[in-house]
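Have a look below at one chain only, the form predicted on its own, in structure tokens format.
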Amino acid sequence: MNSKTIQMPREVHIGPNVLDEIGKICKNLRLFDEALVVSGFHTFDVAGRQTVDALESSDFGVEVVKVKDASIESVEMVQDKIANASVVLGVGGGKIIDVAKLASTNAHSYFLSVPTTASHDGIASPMASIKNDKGSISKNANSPMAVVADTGIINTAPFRLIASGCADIVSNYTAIKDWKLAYRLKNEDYSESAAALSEMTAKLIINSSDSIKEGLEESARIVVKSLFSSGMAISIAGSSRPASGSEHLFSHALDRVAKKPALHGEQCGVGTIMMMHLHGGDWRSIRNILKTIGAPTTASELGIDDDDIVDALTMAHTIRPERYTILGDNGLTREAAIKLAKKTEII
């Protein structure tokens, strides 16, 4: 039997004001001297400057690089800046974290994840989503050495981002159904423990849906813990299978066809409603949970044209042909896609 390496963060710090401790956290991890802070132009003001101050107060020399998007060009720009840094810190949303994660992996440097939002499960996973001219591609990367999630800061982000993170986690349900299908029909590798952790994480969000409210720091804490747990399922599996199935293929297809795509988690949530119907599951329950959380459940709530929903459904199976899902090898006809979207009241 081949050996398998499972990467996980050594430390996870979740709570209000933990960002002030980041210098001490780095020292405790035996990281010294130089640090590179990767942030966005907005997120630097939200948390990047505070990160720099905390590092400098612990005697780190700090260089800052700001990026605009999650592109290969951004990854290369960050990689060129790493040089003598003992650690790279990604301070921002999913795009910033993915860029810093992949650049540090390529440069064989340690990486700390410092999320300012709770909008998707990339904060702790060994995967990075990078844009190219065809949309998004998933790249293998190293898991962060530590996650430092200041829920006081995350709670100040628009609630739409937290709701999007919840929808991303709820989508684990159809991702696992697709994975089991691929295991049965294609003999794909399958991990019971990763699947169980992924489903448990989705169940936690569903059971907590009534208490996830705007302005509550505890809501941010619940969602961050769940996103971390979902990332751990990905680490155990060695692939994104526990958290990415047909609903994610639909979302990636929307990224390509929509004039202005919605948030990743929002799109995955809507995709989950439709893919649960294809699986013969309780899609109405999924829709009601998303409504309770405050996530979109229709094309109009996503701000996306009905035709784009249908186009994305018909092309979703082509996004990752090697990833078998309920969409099969040939996907949906246009007529079937329209019927599905109307039946689930997406359009």
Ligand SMILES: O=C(CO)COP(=O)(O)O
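The structure presented is a predicted model; accordingly, all values stated were derived computationally and were not measured. Quick note: we count residues from 1 along the sequence shown, nothing fancier.
Another form, the form predicted together with the named molecule, is not on view; read the next lines as being about it.
Query raised in the report: Open or blocked pocket for the named molecule when its pose in the predicted bound form is superposed here, using 3 or more ligand atoms within 2.4 Å of backbone or C-beta atoms as the test for blocked?
Result: After C-alpha superposition the pocket is open.
Query - Stretch in contact, per heavy atom within 4.5 angstroms of the named molecule in the predicted bound form, of 75-83, 217-225, 244-252, 271-279 - result: Stretch with heavy atoms near the partner: 244-252.
Query raised in the report: Looking at 143, 151, 229, 138, which is the one with a non-hydrogen atom within 4.5 Å of the named molecule in the predicted bound form?
Result: Spelling it out, the residue with a heavy atom inside the cut-off is 138.
Query raised in the report: Of these, 49, 284, 320, 27, which has a heavy atom no more than 4.5 Å from the named molecule in the predicted bound form?
Result: None of the other options qualify; the answer is 320.
Query - Contact test in the predicted bound form: residue 129 vs the named molecule, heavy atoms, 4.5 Å - result: Residue 129: contacts the named molecule in the predicted bound form.
Query raised in the report: So in the predicted bound form, does residue 105 come within 4.5 Å of the named molecule, heavy atom to heavy atom?
Result: Although the named molecule is absent here, residue 105 would stay clear of it in the predicted bound form, with no heavy atoms inside 4.5 Å.
Query raised in the report: Does the named molecule get within 4.5 angstroms of any non-hydrogen atom of residue 109 in the predicted bound form?
Result: Contact with the named molecule, no.
Requested in this report: Verify the contact flag for residue 240: yes if a non-hydrogen atom of it lies within 4.5 Å of a non-hydrogen atom of the named molecule in the predicted bound form, no if not.
Outcome: It does: once the named molecule is placed as it appears in the predicted bound form, residue 240 has a heavy atom within 4.5 Å of it.
**Report entry** Contacts with the named molecule in the predicted bound form, stretch 153-168 (heavy atom within 4.5 Å)
**Finding:** Only 168 sits within 4.5 Å of the partner.
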